[in-house]
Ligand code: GKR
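Presented as structure tokens, the chain that follows is alone, the form predicted on its own.
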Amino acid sequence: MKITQMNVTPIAMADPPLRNAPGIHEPYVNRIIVELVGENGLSGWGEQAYSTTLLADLQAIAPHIVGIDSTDQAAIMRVVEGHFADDDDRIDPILRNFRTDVRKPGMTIPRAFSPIEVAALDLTGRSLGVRVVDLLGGPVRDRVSFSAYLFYKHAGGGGEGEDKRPDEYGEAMTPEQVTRQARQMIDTHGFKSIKFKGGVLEPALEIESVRQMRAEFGPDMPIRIDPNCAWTVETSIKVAQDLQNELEYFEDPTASIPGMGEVRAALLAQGIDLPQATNMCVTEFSQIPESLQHDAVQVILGDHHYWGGLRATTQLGRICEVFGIGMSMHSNTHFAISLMAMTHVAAATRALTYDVDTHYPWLDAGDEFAVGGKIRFEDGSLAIPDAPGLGIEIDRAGLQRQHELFLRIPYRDRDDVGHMQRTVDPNWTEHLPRW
């Protein structure tokens, strides 16, 4: 289907004060929505994490996408690559919050291509009357299971001033409180596994948090912890020793592929075969060989927003199968467009056997702009919709509402460190590893 228009819309949503290793979430988080309009009048939709740099890039790319067929992914990629031909080594502000390599130049083109590719697949599916999962080769599973994504959290539900949102989950800054958060989220959504964001409190307290969750949910609940490289190699080894019987896998305990390799080697020498996962050390295809050489990563957290779209994620899955690497999926704060894109690609990727991470339960229902409102999980999972494309419709009035929110708020590029300094600790510094 020939593309007649590409619209790029920055939007915002309220975000609770969730803690992580760099700092704390601001009251709002921004996203970018890409709409591709076909000559038949139908639209396809894609979504990406916001940065001022990426917004400008997508707006500049948009006129050059017009006239391309939505099935011609190679032509779309040529346009994106052409835009960055003389400037593919820039620093995207979104990456400064979670980095082991400040520049990460290899992520620039994939991040720009991804929302266009998703929108093109959605438009193609709608035009042909088929689902995106079928365009990716067909489903290997009918339902996709997600994990309960837990955070240490200060009081508050996001937003500010007259736009403050209800605090659904309350404060969670102790092992007891974060375990209550887990119980509430699992009871509400039926999740069958736990993803726990660490790197916030002293390691001993985070170990205790995992142990309390284990006591609460029993021996069969998969639990994973992700401190976002907040620990040294030595601290990582100590935590793994203490939690070796509690964790499904150990996500990004320390920085860099060699660092992860050191942790892996030390644990294996002690007879501890705890899989290590990453979405920070291995973020592009070129890093996989080094990771294999160091035996650093046994589970890669694919994320179509960063790896270059849905087809690239399925390709990552094939590589993981070849080398015996497990696969899960990383998540950023997102709307239904990303949630359904994640569902379709997870359903099409055989290697993706771990439950998928998602921030979606943290989204205030009043900010969702999918027709029918916020998507509901059933027993912690989502079925692939029967409708063509991504399987959702967009409420344009709701999209405009979120765009107007973006225009009203002062927040632009995400700044977890700065907000931590403004609201919690004026002396806070981005110092990793912290322990």
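Just so it is clear, the structure is predicted and the values come from calculations on it, not from any experiment. All residue numbers are counted from 1 along the displayed sequence.
We do not show the form predicted in complex with the ligand, though everything after this point is about it.
Trainee: Tell me the stretch among 154 to 162, 337 to 345, 220 to 228, 258 to 266 that has any heavy atom within 4.5 angstroms of the ligand in the predicted complex.
Mentor: So the stretch in question is 220 to 228.
Trainee: Heavy atom to heavy atom, is residue 206 within 4.5 Å of the ligand in the predicted complex?
Mentor: It does not: once the ligand is placed as it appears in the predicted complex, residue 206 has no heavy atom within 4.5 Å of it.
Trainee: Looking at the partner-bound form in the predicted complex, is residue 141 within 4.5 Å of the ligand by any heavy atom?
Mentor: Answer no; every heavy atom of residue 141 is more than 4.5 Å from the ligand in the predicted complex.
Trainee: So in the predicted complex, does residue 20 come within 4.5 Å of the ligand, heavy atom to heavy atom?
Mentor: Output for residue 20 is yes: heavy atoms within 4.5 Å of the ligand.
Trainee: Could you confirm whether residue 149 comes within 4.5 Å of the ligand in the predicted complex, counting heavy atoms only?
Mentor: Yes - in the predicted complex, heavy atoms of residue 149 and the ligand come within 4.5 Å of each other.
Trainee: With the ligand left out of view, which of 331, 287, 145, 71 would have a heavy atom within 4.5 Å of it in the predicted complex?
Mentor: Exactly one residue meets the criterion: 331.
Trainee: Establish, in the predicted complex, whether 195, 279 and 359 all lie within 4.5 Å of the ligand, using non-hydrogen atoms for the distance.
Mentor: Answer is yes for this spot.
Trainee: Do any residues of 28 to 56 have a non-hydrogen atom within 4.5 angstroms of the ligand in the predicted complex? If so, which ones, in sequence order?
Mentor: The stretch 28 to 56, when checked against the ligand in the predicted complex, contributes no residue at the 4.5 Å heavy-atom cut-off.
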